[in-house]
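This document starts with one chain, in the form predicted alone, laid out as structure tokens.
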Amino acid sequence: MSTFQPVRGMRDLLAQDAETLTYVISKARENAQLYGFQEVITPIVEPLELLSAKSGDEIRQRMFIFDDLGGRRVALRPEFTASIARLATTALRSEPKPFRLFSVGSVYRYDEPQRGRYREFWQANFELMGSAKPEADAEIILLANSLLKNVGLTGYAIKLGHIGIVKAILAQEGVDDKTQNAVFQKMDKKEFEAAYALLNAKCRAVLEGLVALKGETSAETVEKLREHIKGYEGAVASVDNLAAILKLVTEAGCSIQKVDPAFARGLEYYTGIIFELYVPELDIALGGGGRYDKLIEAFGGEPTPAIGMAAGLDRIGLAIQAQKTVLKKHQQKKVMVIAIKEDQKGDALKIAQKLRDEGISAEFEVMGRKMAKALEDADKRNTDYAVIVGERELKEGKVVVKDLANRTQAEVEISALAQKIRS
């Protein structure tokens, strides 16, 4: 037995897990098309300077970083947004706005491996660039809701916050950007005492009040929030923005969002609304996103407001397993083509190829097994039909089709074989 194993934190996805992942990817692509997003493909390897510029200390410390053969300092992408922002400042610079961009692929972070957290994992990324309006925020939240609904999940919730509320309070109290970023990093990890320790008594009191504000309904929380932040003009404007977004989303028929005023995410580039997606069966987020109005400008582009989200496809797969969700996909009929004797193998291969040309999944029996063993193997692998090619039937332009589920069989004209299997 080989002693080689995958690198720690990397995984082999066998057939069932691979099927779930590709199913979720297909649903993400469908969702992108429904909302008018165009797919783009960016490199897995990017300049370290690009990826580390605004990602936050937590991610910067967990990137896979190396020197390429040209001596350039590069890294494996830990997320997609920096790459998409780079596109907006270069190849898409002169394109009309808004941009609706979708991307999907593997990303890499040197985290401690555990359930739902891997060093190589998959994300679907949606970025809407060019609009500062609440309508754009609402579109992304509705898209997130639609994605979870379309993969078949139930009971999920969208947790919403607004980074502008806390930013404005801290800025008005004279807290510098570096300290603010450190506070958000601690809050993201629910280390509230460590966050409070970085602040004065007044800031601590305000933040403690925000942490306590978790109402049963979003409207209730927003009203309590307005009372709590009186005197902080910038924070009031952020609450008004949050309320406008909630109103649009609710009027559009999505009422599953829950407001958490002390909610924070670890990326430094967020400027407005932020959100994460949850199901009751898992204690980890299935995805999340937020508004980042200054990132593209920071990378040398024109001032461009933007909002985006990343869906964790591996975690959505875990949620599908936890909820025992049936994958709603077209069930392709599976066929095994078996030649009775050596002389019929060429004809049997031709028949298998004809089925494939007709869009039917067909395997040819390549192990040289006896008929009984070949049928037993096909049955074990959930094959629907065995197409048995024999000398007498061939002379009559026919084959034997055996329904492995019902244990019935019939002779079928080769010309009508594909139609018979489809029916």
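Since the structure is predicted, the reported quantities are computational estimates derived from the model, not experimental observations. Position 1 is the first residue in the sequence shown; the rest follow in order.
Form predicted together with a further copy of the same chain: not shown, discussed below.
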Using a 4.5 Å heavy atom cut-off, state whether T408 contacts a further copy of the same chain in the predicted complex.
-> no
Please run the contact check for G359 against a further copy of the same chain in the predicted complex: heavy atoms, 4.5 angstroms, yes or no?
-> yes
Classify L286 as contacting or not contacting a further copy of the same chain in the predicted complex by the rule of any non-hydrogen atom within 4.5 angstroms, answering yes or no.
-> no
Is there any non-hydrogen atom of R8 lying within 4.5 Å of a further copy of the same chain in the predicted complex?
-> yes
Give a yes or no on whether every one of R226, Y232 and P303 sits within 4.5 angstroms of a further copy of the same chain in the predicted complex by heavy atom.
-> no
Looking at 234-242, 141-149, 176-184, 274-282, which one sits within 4.5 Å of a further copy of the same chain in the predicted complex if you count heavy atoms only?
-> 141-149
Quick one: of K294, K159, R204, R100, which gets a non-hydrogen atom within 4.5 angstroms of a further copy of the same chain in the predicted complex?
-> R100
Name the residue from T325, S106, Q257, T221 that puts a heavy atom within 4.5 Å of a further copy of the same chain in the predicted complex.
-> S106
In the predicted complex: members of 285-305 within 4.5 Å of a further copy of the same chain, any heavy atom | A298, F299, G300
